[in-house]
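Have a look below at one chain only, the form predicted alone, in structure tokens format.
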């Protein structure tokens, strides 16, 4: 379905980003990965689909590095047809004790990076009259939780940016939508489970049950594979007129 297309997925060396990259690769898209940590392992996983895989290690908090990444993608792959803005970090603290530098970093990586990548991807998409911009927001783009001020502010901002991007390009073949997951068992969330287990003196299974029970009525994690399939849908012909939505895949979290 996506043969001849190139997808750039930020923050894609693990977790949600890697799951989406693999799903798009299985539909035939060439993939540009981005992120820290192990690179060769994720590249090999994505390459199993028989597609071309590239990598750029841009720090998504640095606009100049984002520009270098987009230039790399254009030079090596022609253009970015599908942009998945997924990179994100987290810090948990009450507002009065929230370190200002952590606020700045979360806004830069979780929100501003999506703006920079989008502004650089749009000209080629519009020239081709086809493009898909998929912003990975969060259920926290729709509702809030205490002690996550920067993350919630950034993710609400992502939902707003998604709507504006969709409206500005509504008469073109370029769409923009957001995916809003609830709990997804990524390395980031696994750390939260382990921290809760240690703090409460329980095992990881009980800590997981408590974590899900507080927010997610389904009592199950969303998987990166499920999120990948939703991204594939947005890229399919069935997604041609899906524009500006914030699609929550959250086990009923925001329905409460």
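Numbering follows the first chain given and starts at 1. Since the structure is predicted, the reported quantities are computational estimates derived from the model, not experimental observations.
One more form of this protein, predicted in complex with a small molecule, exists but is not displayed; see below.
Worksheet item: Using a 4.5 Å heavy atom cut-off, are 12, 87 and 184 all in contact with the small molecule in the predicted complex?
Response: Yes: each residue has a heavy atom within 4.5 Å of the partner.
Item to complete: Consider residue 83 of the chain shown here, and say whether it contacts the small molecule in the predicted complex, taking contact as heavy atoms within 4.5 Å.
Response: Contact with the small molecule, no.
Discussion item. Is residue 16 near the small molecule? Define near as a heavy atom within 4.5 Å, in the predicted complex.
Written reply: Yes, residue 16 lies within 4.5 Å of the small molecule in the predicted complex.
Worksheet item: Can any non-hydrogen atom of residue 59 be found within 4.5 angstroms of the small molecule in the predicted complex?
Response: Because a heavy atom of residue 59 falls inside 4.5 Å of the small molecule in the predicted complex, the answer is yes.
Discussion item. Is it the case that residue 47, even though its partner is missing from this view, gets within 4.5 Å of the small molecule in the predicted complex, heavy atoms only?
Written reply: No, residue 47 stays farther than 4.5 Å from the small molecule in the predicted complex.
Worksheet entry | Heavy atom within 4.5 Å of the small molecule in the predicted complex - the one residue of 230, 197, 53, 189 that qualifies | Contact check passes for 189.
Worksheet item: Which among 137 to 145, 123 to 131, 94 to 102, 161 to 169 is in contact with the small molecule in the predicted complex, heavy atoms within 4.5 angstroms?
Response: It is 137 to 145 that comes within 4.5 Å of the partner.
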